[in-house]
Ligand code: PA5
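Next up is one chain by itself, shown in structure tokens, the form predicted alone.
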């Protein structure tokens, strides 16, 4: 089970007990701001069992008839799944010899070169598509889906393509739902009461994760265990309460940036997921910690200098994991030209542990508070625990900050301007105004 060590970050967090009790009640009773989007709170227990079985069946079908799966989505519609696959299967998943399909992520940007590269990587392989969009009109994934739908229909015919397209979308309405119903795509639901950045444990994340061969039962089981832990109503026993309290305590002391660090390269995209979760949930009303991430020890040779001696407006949250599966030991070299024979016979976990502790002490002495989240071994159950832990702590932390953790009004600003500049009907006047500002 996850534990939180804040002894190197703050002395006490008792002052946050009262606001956390209120925030906890708002989450548990669905009575706080944004309460229409707290369906994720009980999701590990109350998920749709029938759909869950269909997700597993669809994953097996894709594994049997496809050598590649193209997952089309942006933001919360792809970060969680990509993070989970990288973490549990390898950042080099597509390069490994395996019995499961390669998985490519598209629709998360507007680069033509990136899109063409995925088309080229799929090549002549049999492939399927999982398009993820509640509305079906979000520009980036909608554009990508046009390309891959056309490719599927050219290769397999319209009816054949329909059997290879899986749409994760609104249960009843929207452009993608209408198209899926008309064409006969198998559909899965983006729940109305779960926002995108909290959706990784729904069909949004579970289908591609299952295609990669991950044990969904273990993933959901870990999340359920953490859900039970997060229901505890006191600061001493609830790790999510502790994390939320420490973050807000440091924020009140003038720390404006939280750096999430891990000594595991496979955690990189889970950190990207975490950045969206916290940035989109708390960054509003001119409030909120800025979420950043680093990969140690690699970034100790780049960002390490700034962290150690730069402006003191940041703190670190370090995620540590249990023992590695590969217990590699450093070999002895008779010449000892690199002077490392003092490490001969030591395993990599031991060396990494000393690096972690040495870095923690150096950064703390340099004025950077360090918060340590200790997780279990790198497996599906641990990841399920970690996902739910971060989600619940995010909801609590947002409420303590006195913002709505479940909306994202600022995201619409760029979309409005982009539509106007692209000439979308209805945006003509704004487009003219923006072009003048740009000197066009």
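Bear in mind that the values here come from a model prediction, so they are computed numbers and not experimental data. Numbering follows the first chain given and starts at 1.
Here the subject shifts to the form predicted in complex with the named molecule, a form of this protein not shown in this document.
Partner proximity in the predicted bound form, defined as non-hydrogen atoms within 4.5 angstroms of the named molecule, places exactly one of 87 to 95, 332 to 340, 253 to 261, 132 to 140 at the interface: 132 to 140. Only one of 369, 101, 75, 191 lies close to the named molecule in the predicted bound form, with a heavy atom inside 4.5 Å, and it is 75. Distance criterion of 4.5 Å from any heavy atom to the named molecule in the predicted bound form singles out 276 from the list 276, 297, 187, 308. In the predicted bound form, the named molecule lies farther than 4.5 Å from every heavy atom of residue 83.
Residue 239 falls outside the set of residues with a heavy atom inside 4.5 Å of the named molecule in the predicted bound form. Looking at residue 404, you'd find every heavy atom of it more than 4.5 angstroms from the named molecule in the predicted bound form. Proximity of residue 35 to the named molecule in the predicted bound form: non-hydrogen atoms within 4.5 Å are absent; the residue sits far from the partner. Along 193 to 221, these residues reach a heavy atom to within 4.5 Å of the named molecule in the predicted bound form: 196, 197.
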